[in-house]
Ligand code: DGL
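Take a look at this single chain in structure tokens; it is the form predicted alone.
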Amino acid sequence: MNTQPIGVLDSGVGGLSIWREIVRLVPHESTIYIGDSKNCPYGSKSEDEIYTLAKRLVQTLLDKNCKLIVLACNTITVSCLDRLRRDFKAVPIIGVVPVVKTAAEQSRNGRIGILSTSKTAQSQYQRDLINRFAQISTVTNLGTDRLVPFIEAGKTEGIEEVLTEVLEPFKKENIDVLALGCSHFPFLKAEMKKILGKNVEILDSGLAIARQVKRVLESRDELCDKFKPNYIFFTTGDKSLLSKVLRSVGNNNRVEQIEI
């Protein structure tokens, strides 16, 4: 058993959707979360810029003695997961990707949608996922950078109109499963369901990543199963915004500001 914390990082508040599933599945594990809201969104940055920021976040978590790192950000994952793993070999680093395989398996009509940020949707990483797991499906792979700012700012005004526009191509294609390729997007599931209809299943990566975290820790004999967990949260941006999203997932822990 290893009582060191799990590190979770994201470009902002979206990674809390992943964090929530991790603490549900491994309830005795302590965690340290860092959201880089100051530099969000990452989707408009170059791969070198993303790598520089992500490397600082990973190093910060390692300095805080984390035993495993979760990149709870699709953009970071598709941009530099392999580079980060080469640079930081001392601990496992787990990336997050859309659940394309599950979407293809659960689709009844063979028409699936994948919604990500623009950089993730255009990445070779995501194209390879589609080619590997959804070859016999009709895939609508779309990217948008219009939704993350709403979630980061905690605003709901105008979101329905934007969502309706963003989701319209999926409705035209008559998809019956939508895979979310951004950790921010699960916070909009209810609104998406209203627009797409009750017959469209909406999937996110949270549970799959939590299961992977558990498998890795078990394989390394580092899973903590008899310990009162400690949850620590940092943000490079406005503390009140991360606190607001935390409360929405049932946590009232204090948030500290940090420089990276």
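The numbering used is simple: start at 1 and walk along the sequence shown. Computed from a predicted structure; not experimentally measured.
Only in words, not in the display: the form predicted together with this ligand, which the text now covers.
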Quick one: find which of 101 to 109, 126 to 134, 175 to 183, 83 to 91 has residues within 4.5 Å of this ligand in the predicted complex by heavy atom distance.
175 to 183
Check each of 139, 188, 148, 167 and return the one that places a heavy atom within 4.5 angstroms of this ligand in the predicted complex.
148
Name the single residue among 69, 209, 53, 40 that comes within 4.5 Å of this ligand in the predicted complex, judging by heavy atoms.
40
Would you give me the residues of 6 to 20 that have any heavy atom within 4.5 Å of this ligand in the predicted complex, in order from first to last?
10, 11
